[in-house]
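Let's start with one chain on its own, the form predicted alone, as structure tokens.
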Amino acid sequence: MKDRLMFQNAPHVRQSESVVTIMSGVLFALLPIYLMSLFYYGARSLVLGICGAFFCCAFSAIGSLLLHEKPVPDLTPIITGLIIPLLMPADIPYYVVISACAVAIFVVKLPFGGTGSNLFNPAAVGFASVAICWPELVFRYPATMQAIEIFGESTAKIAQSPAYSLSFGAVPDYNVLDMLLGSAPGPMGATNILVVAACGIFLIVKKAVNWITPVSFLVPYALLCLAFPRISCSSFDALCFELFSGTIIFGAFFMLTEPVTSPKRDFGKLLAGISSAIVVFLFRYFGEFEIGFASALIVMNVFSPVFDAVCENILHAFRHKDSIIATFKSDKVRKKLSDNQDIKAEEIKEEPVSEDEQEKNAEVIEEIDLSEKEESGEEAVQ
């Protein structure tokens, strides 16, 4: 049957924004980050991005053919393919990026129904899978300002990242300005903090993402870093090292705000941001890998429906607070009346009887007994 019913989420609210318009804003925000990667590491960073976008689109098309579905012309595979290389070093082998893209599409997106139905962030799961399989490649960062070979084995000089130093409780060898400008080694898309933050603000201004999610994540995370520092230096430097190392800023704007895996209500986004800050903090402090954002994000994706349910219950209680209060008051009045009736009944049962009443009751009982005896004697004579 060609004309068959399809069960899908109804678009109850119509607005000008669509998946294509939102993803196009994210795409434009990622371009400056790739340009800075080109400046620091050469053309290999651009080739890695093209490789990730191409293979994510190819895997999505293959999945649609296997499922006998018409391919959906959206930009989500391109965005996923562009984000995955930005989480890795600039000299990462191409097969690692392709493997991460395959996991993101074939394991995360297609089994759950494709775009808009995935439970986990595809880029986070793809990155976490290759980080477990090839940690010696994923967490090996080349020094900046050197052109890396586009093809073949890289001969770039390897440097120690600030996140790696923090994982051992050591003060990084770079200052805060180096981390702001991208001179410190690390994931090729997360080192230049000024550019990443500017692109994140662009997404907020264009309303491609909600400002509540990154703010509710970054503020509690900063407070936790101030309360529990890992290194012995000034509080300001320790805070900057914690915020600017790894993928904290990049993930807050480009991964935590994904519309599919994040809560839908503003209050749910607030709860998710605060909870994610706590989980990321724990992963970075006690985790095995120096970058725990992706792993923590996967854990928090599971609880997004819980945050939505809590938010809906709170909104329902707020909208119907008058009826709830009236029902509570009526129940309270009924309970009070029933309690008063029980008290009166107990008082009646326990009320003491006077001596006159006891004598009267005794006389009445004697008269009843005499009358019964007389009636029984008359019956016997007859």
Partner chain sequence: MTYIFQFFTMMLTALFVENIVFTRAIGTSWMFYLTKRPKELLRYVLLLMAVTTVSGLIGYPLRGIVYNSEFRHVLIPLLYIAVMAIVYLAAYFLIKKFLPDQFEHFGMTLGAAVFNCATLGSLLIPSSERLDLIGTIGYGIGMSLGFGFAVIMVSYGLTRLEYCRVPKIFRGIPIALIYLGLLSLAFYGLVGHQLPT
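Numbering follows the first chain given and starts at 1. The structure displayed is predicted, hence computed values, not measured ones.
Here the subject shifts to the form predicted in complex with the partner chain, a form of this protein not shown in this document.
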property	result
Touches the partner chain in the predicted bound form: Gly287 (any heavy atom, 4.5 Å)	yes
Contact label in the predicted bound form: Leu67 to the partner chain, heavy atom within 4.5 Å	yes
4.5 angstroms heavy atom contact with the partner chain in the predicted bound form for Cys199	no
Contact of Ile274 with the partner chain in the predicted bound form (heavy atom, 4.5 Å)	no
Contact residue in the predicted bound form, chosen from Ser295, Thr144, Ser216, Thr76 - any heavy atom within 4.5 Å of the partner chain	Ser295
Sole residue of Leu110, Met179, Met255, Leu203 within 4.5 Å of the partner chain in the predicted bound form, by heavy atom	Leu110
Heavy atom contact within 4.5 Å of the partner chain in the predicted bound form, the stretch among 226-234, 115-123, 158-166, 184-192	115-123
Contacts with the partner chain in the predicted bound form, stretch 179-203 (heavy atom within 4.5 Å)	none
